[in-house]
Every structure is written in structure tokens, then in C-alpha cells.
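The chain below stands alone and is given as C-alpha cells, in the form predicted on its own.
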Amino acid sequence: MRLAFILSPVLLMPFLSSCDKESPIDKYTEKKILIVGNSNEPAGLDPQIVTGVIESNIITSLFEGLCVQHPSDSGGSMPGAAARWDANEDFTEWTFHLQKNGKWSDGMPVTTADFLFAYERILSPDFAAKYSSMLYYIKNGEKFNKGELKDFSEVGVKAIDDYTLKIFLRAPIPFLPHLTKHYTWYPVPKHTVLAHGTMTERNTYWTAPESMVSNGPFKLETWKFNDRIEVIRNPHYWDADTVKLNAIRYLPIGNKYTEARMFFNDQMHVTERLAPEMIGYCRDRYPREFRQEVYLGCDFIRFNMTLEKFKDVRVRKALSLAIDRQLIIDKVTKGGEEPAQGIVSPMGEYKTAGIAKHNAELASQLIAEAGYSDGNKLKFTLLTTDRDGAKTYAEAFQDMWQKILPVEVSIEQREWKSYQDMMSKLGYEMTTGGWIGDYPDPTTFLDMWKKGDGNNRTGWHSEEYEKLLGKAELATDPAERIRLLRQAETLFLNEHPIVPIYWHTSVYLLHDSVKNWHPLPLRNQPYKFIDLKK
């Protein structure tokens, strides 16, 4: 089994910085320019089109929702574009009072018209936003998005005046402030979007550095492909006095060894993630800078359920049972992750169903029952990205499956945008994947598997599953809600449209000069509070 690694000492050896007395990171720190590793080139910066963490890291510095994340309390929400908010007794009606001095980076006021425009845009069927389901909590939002309702005025968002926004929900949602911190709920500048195209026209020049305006603590300054994206302080931001940084520079470095060497060379403040082989070294040699934190996410493998070869649940279950998740963690990822027994990461009172387990004997039995043998092997291709370590990760599954089961597995690597496109179009057989929670509630892992959801990408759906989620949404008793959600997850796991692998941790390096950076399970640090000091 190809799970062992030998790492050259050269890769582990910190390179000496320049002979100058002041290192590059000292200069950046003095200028208050935060240098951040960001893994890959973003697919875009339109908050209503993108779906990934890579894009979110940048967008959350540029834009601001009604509420913002508290810098140290993962459950805390602070005023953002809204100065204050209140709800009715059953949390079905919310009123948000916008900042009277809220402005876009070109000086134009941020008003309720921008929010109404944004919500209509992302829910418009012609716009085809993959994340439109995030706004299905709004009354009639789903019906409008699916074309069952044509008049947006019947959707539950109303402008009482220029600075008072009322949102009517389809069910009690006490965690709505958390939802509004996600970029799908951000406003977009109506005047700028329409200056470069129609409401539903995608990928126009409104997000180019020379034309983008935003309402967050920073504005877009530079985007050099495969080099860097830089955002600079937004002087028109309503809370500009709180912002300490002058700029943030995001570096799309896919190679984790390169990223770590830059950190060792004092060229970077924050790495995106450590390569597995470097975790032990950095833990021992850089104990002050080393971070290993809870990260609300799950890695899994998707099946393309539209293919005949995966229609038999025994095949899917066999492929899941053949995987030794703890061995993957110990020998491949090495980040202290926890074997995933379900899709929902551990949180609060919710306990997952505990169905995904390792059982090689049962796996062999099931695939034999499905008609496969050494003379009739199951053949399929596992899609993965071209990121550093992705092939090794895929090869671990390949080895496990081929040693235990009568299968032949090929591996296909694609660069990030192509990989995302193939998943979206179901142009794969099996694929590695994962999900980072958007908000701290089990539904962030469960709602995406509904029929037609842009993030489902499996071809699987179940009416019974969606009925259970609907009942949970209407439940007023928290314990009953949890019971229904767990029942829905159990149904989902028994169907095996995915293979859960592990629950995430966040393992990275953080320079001593970075202040007010606190562990958050969504790693959604609000950049407005970050500071740099020698």
C-alpha cells in the first residue's frame, strides 16, 4: 500500500532570509500588509456565482453582509451592513436596520435597494446561481428560483425605507444572523452591476479591479493571474476606524512545500494549510506558529448516481466499507482529523448517525452479491484535483479498493476550475470532494443534498429525505428538530450517495506579528479586526 512518505531534508530546512537586518515579513508588517496563502487561483469574485472557500477568503474582505462574525466568539454576530436587528417571537420575521453611513467603495450609499437587487439576482432562474438554495429560507424564495413564481414582489424581502429591510421566512429560523454572514447573502452594487450588463448576465467586468466596488473593509486593487490578488483599505467603509490593515495580499500557491518555505523565509504571515509530511516537523520546530484547530468540515467521495454501475447500493456500500479511515488519517493527511461516521461534523447537541465504518469482510461480501468477481471487475475512474498531495490521497483509496475488492481504479487529475466544472456537470464517475460548513448548524451539511441543489453534484435525491428536513424546519422543540435531522442523515447515509472520509481540522502556520487572529471553527476571521505588530 503506497501510504508511506520520505521527505527530503531540503524541503524541511528553513531557508535563511536575506542578509538585510529587516526581513520581508518585517517590512510587510511595518506597512501593515497581511500576506496570506490562498491555495489556488479563485474561480471568480462575484459573491453570487462562486461556491468555494478559496473565493470566500477574498470576498469576505471585500464585501459585508447584514451581520459580521465576532472575532473570537464562533457563535457571535456583530453589526455589519446592519447596525441592529430584531425578530418576532417565532423567528419568522426579521427587521434589519442598515448603517446610515454605509457606503460602497465609490462613495455611493448602501441601501435596501442593493439588498433587494442582490436577492432577486441570486434567486432569478436565468442567473442559475449554484448557491441560490442558501436563500430558500426566505418565503417564496425557492418558488421564485424554480420559476413557479414570476413576481419577485411576492418573495419575502421588503424595503420599508432606504435603510430598513424586512425579511419574511418560510419557517422559524433563529440562526438567520449567522446565515447573513455568508457571501450569498451579501449585497451587490446595483449601479455597478447594471453599468456592465443586465441583472442576470454572468461574468461581466463589474468584478474587474478597475470597476469593482464593494461595501466591506477593503476594496479590490490588483488581480494578477497566478501571482496575487491584493485588496486595500476602503476609506468609505462605515467602520473604517476599526480597520488596522492597509492591505491584504492573497497568494494562489497550490504547492504546500513552496508555501511553507515562504513562511520559513519570512515572506508570508499565514499559510493556507500544511502538507501532511510537514505537520510533525512544524509542530516540533515552530510550536508558537503552529496551529491545529477544529474546522467545521467533512471530506468525502461522491458517486455519480446517474451511472448504471453505481445504481446498486451494495456496490456503493462496499466501496465505503473497504476504506480504513483511520489509516488514511495516520498515513496520509496526518492532521489529527477524526474518522467521519457521517456527513455532519460534530457540533453542539447533534450526534451523527455513526454509519460510515470500515469492514473489509462485509465489503467483499456485498460486492460479490452485486455480481462482481476477479473475472468481472468493476472499473471506474476517480476524479481529483491537481493540488499538492491530491494524487497521493487518491492513490490511497485506489490501493485499499484494489487490495480488498475486484475493482480496477484509474485516477484523473484536473486543475481546480476544470475539476469544479466536471463535478457541476456530473462529468465524472467518482470524485474526491468535501464541504466546509457555511454556518454552525447541521443543516449546512444536510440541505445541499436536495434535488436540484447546485452543490449536490451526485444526481441523488429522495422525497422522504426532503420531507424529514421540512419537518425539522418547522419543529419548534429543539430536541425534536435534532431527532428529525438525525433521521434524515441516517436515511442519506444508508443510501450511500457519498463516502464520508474524515472530519476536518485546520493545520497551518501563523506568524507572531499577526494579532487578533482567533481560532474559529469556520476559519472565517473578520479581517477588519486583524492587526500586524512586530
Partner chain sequence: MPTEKNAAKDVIKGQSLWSDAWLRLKKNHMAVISMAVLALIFLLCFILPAIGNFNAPEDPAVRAAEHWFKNPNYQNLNNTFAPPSGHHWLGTDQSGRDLFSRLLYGGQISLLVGLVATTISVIVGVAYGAIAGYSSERTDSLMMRIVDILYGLPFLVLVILFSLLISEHMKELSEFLINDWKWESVFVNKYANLIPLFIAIGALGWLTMARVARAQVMNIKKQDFIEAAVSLGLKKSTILTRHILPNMIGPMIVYTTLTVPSFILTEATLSYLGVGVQSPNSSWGILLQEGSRYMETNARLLIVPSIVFSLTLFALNFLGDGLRDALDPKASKD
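Residue numbers count along the first chain shown, from 1. Basically, rigid core = biggest C-alpha set you can superpose within 1.5 Å across the two forms. Predicted, not measured: the structure shown is a model, and the values here were computed from it.
One more form of this protein exists, namely the form predicted together with the partner chain; it is left out here, but the text below deals with it.
Only one of the listed residues (273, 269, 181, 261) places a non-hydrogen atom within 4.5 angstroms of the partner chain in the predicted bound form, and that residue is 261.
Just one of 358, 377, 170, 334 comes within 4.5 Å of the partner chain in the predicted bound form, counting any heavy atom, and that one is 334. Residue heavy atoms within 4.5 Å of the partner chain in the predicted bound form occur in exactly one stretch of 186-194, 396-404, 152-160, 308-316, and that stretch is 396-404. The three marked residues, 277, 386 and 411, each reach the partner chain in the predicted bound form, with a heavy atom inside 4.5 Å. Using a 4.5 Å cutoff between non-hydrogen atoms, residue 255 counts as a contact of the partner chain in the predicted bound form. The closest heavy atom approach of residue 327 to the partner chain in the predicted bound form falls within 4.5 Å. At a distance threshold of 4.5 angstroms between non-hydrogen atoms, residue 391 is in contact with the partner chain in the predicted bound form. Although the partner is absent here, residue 415 lies within 4.5 Å of the partner chain in the predicted bound form, judged by heavy atoms.
With the core superposed, residue 284 shows a C-alpha displacement below 2 Å between this form and the one not shown. When the rigid core is held fixed, the Cα atom of residue 427 travels 2 angstroms or more between this form and the one not shown.
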